[in-house]
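What follows is one chain in structure tokens, specifically the form predicted on its own.
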């Protein structure tokens, strides 16, 4: 017998519409502004904890939420923030912020208890944080002239402080200051100030600012193609290993670019691997990861390797790495005409990415790849055929290129100069060579470095050893008291026995 049909309970359509409206009802601008202002006030509490407990992780937590907060900033929210943080509009920072927001005649409520001769006291961490909020707001608005003028005055306020709890916020302000100068085409004029502040931060043991300024100087030098000065900075400036992970990733990327220009491809590849691994693997860092992968593709090709195809299939990199995919195809098969066509087709893209000059070096690699493919396909081939297949100028050029490939270890072959042909040798077993040993060594080296970095990144509570020492001393005192009590108890027991006798 067929199973009886079950009837679903009927729901009123009006109830469905009401539930949908309550779920999809958008929030009003006033509600959104109240939520943003509440988040900012919550960040004030974190900054207060960072200053009181001398714990930088609270400041880093506030800065991590800056990317999500900056999209919701409005002039009214910033004015409300100033009203909540500063007790008087006459405060230097409050007046500066209201000036650049066009709200000089603000409706701030002045606390009468603070009026008169008393000076309003605002926590420096909160003061600098609000200035950073206005920095990112002006940057997002695209008002570069106003941003440049505000940055100059904000940096003057920052340099008046000398607190280690401000290090993370100061580094962030210097980043937006340098970026604003770069957008205003004032890269060269910025360099002396960055060098002076780098010296000051080194003397003050300001780790975060020192790391950020070193990275900004490397970017500044690379922007003007001052490679030798950038290399000298890398050699002489001690980059702090305890800096923020994102700053370390940016520093490694710039070092990798410098090493690549100086033909040190192995060191450049190691730096870029570290930069990609340390960078945040989120959509916020998509631009950085794309730039790092573009440079890594070129460096691997210059080293004679072929990048993994999985890179080009990931959604985050698929569109950005499309021109480089065609370049890899041309290098992999050793086709010089296809390589030239790819450069001509995507030349503007490569120049914009800053990889054009490195790509021009790949022509010799394309030729070497073509020779390697021929040595694997033919046991004997004439130099004339090599010249025709690789579109070289003459047989002498082909002979020179083949000889250089043999010397570099690209192919295992010999050249018969009298008869004009290349004789390939038999392919040896790769496990009889040193290549597996070298690959195994690289893996061990990576595991050891990862372990060392993990140990350095461990966080320990401050002054924990003092608490432990205090606990040990208290335990010893308790043991002494317990021993004395036991001894006194034994004596009382003995006296009792004698009394009984």
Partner chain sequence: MPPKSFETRARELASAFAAKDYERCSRLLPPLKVTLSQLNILVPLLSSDLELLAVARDILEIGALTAIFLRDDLLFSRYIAQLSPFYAMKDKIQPPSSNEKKLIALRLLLLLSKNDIAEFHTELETLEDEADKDIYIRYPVMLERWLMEGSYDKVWKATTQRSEVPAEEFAIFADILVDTIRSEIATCSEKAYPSLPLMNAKHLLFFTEDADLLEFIDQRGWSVKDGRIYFPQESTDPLESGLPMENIIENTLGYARELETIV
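Please read these numbers as outputs of a predicted model, since none were measured by experiment. Positions refer to the first chain, counted from 1.
Just so it is clear, the following notes concern the form predicted together with the partner chain, a form of the same protein that is not shown.
Not displayed here, the partner chain is approached by residue 448 to within 4.5 Å at the level of heavy atoms in the predicted complex. Shown alone here, residue 238 lies farther than 4.5 Å from the partner chain in the predicted complex, counting heavy atoms only. Contact between residue 441 and the partner chain in the predicted complex is found at the 4.5 Å heavy atom cutoff. Residue 184 falls outside the set of residues with a heavy atom inside 4.5 Å of the partner chain in the predicted complex. With respect to the partner chain in the predicted complex, the three residues 49, 246 and 313 uniformly fall beyond 4.5 angstroms at the level of their nearest heavy atom. Note that among 289 to 297, 394 to 402, 195 to 203, 304 to 312, the stretch whose heavy atoms approach the partner chain to within 4.5 Å in the predicted complex is 394 to 402.
With the partner omitted here, the residue from 228, 242, 379, 74 that has a non-hydrogen atom within 4.5 angstroms of the partner chain in the predicted complex is 228. A heavy atom within 4.5 Å of the partner chain in the predicted complex is found for exactly one of 156, 281, 262, 162: 262.
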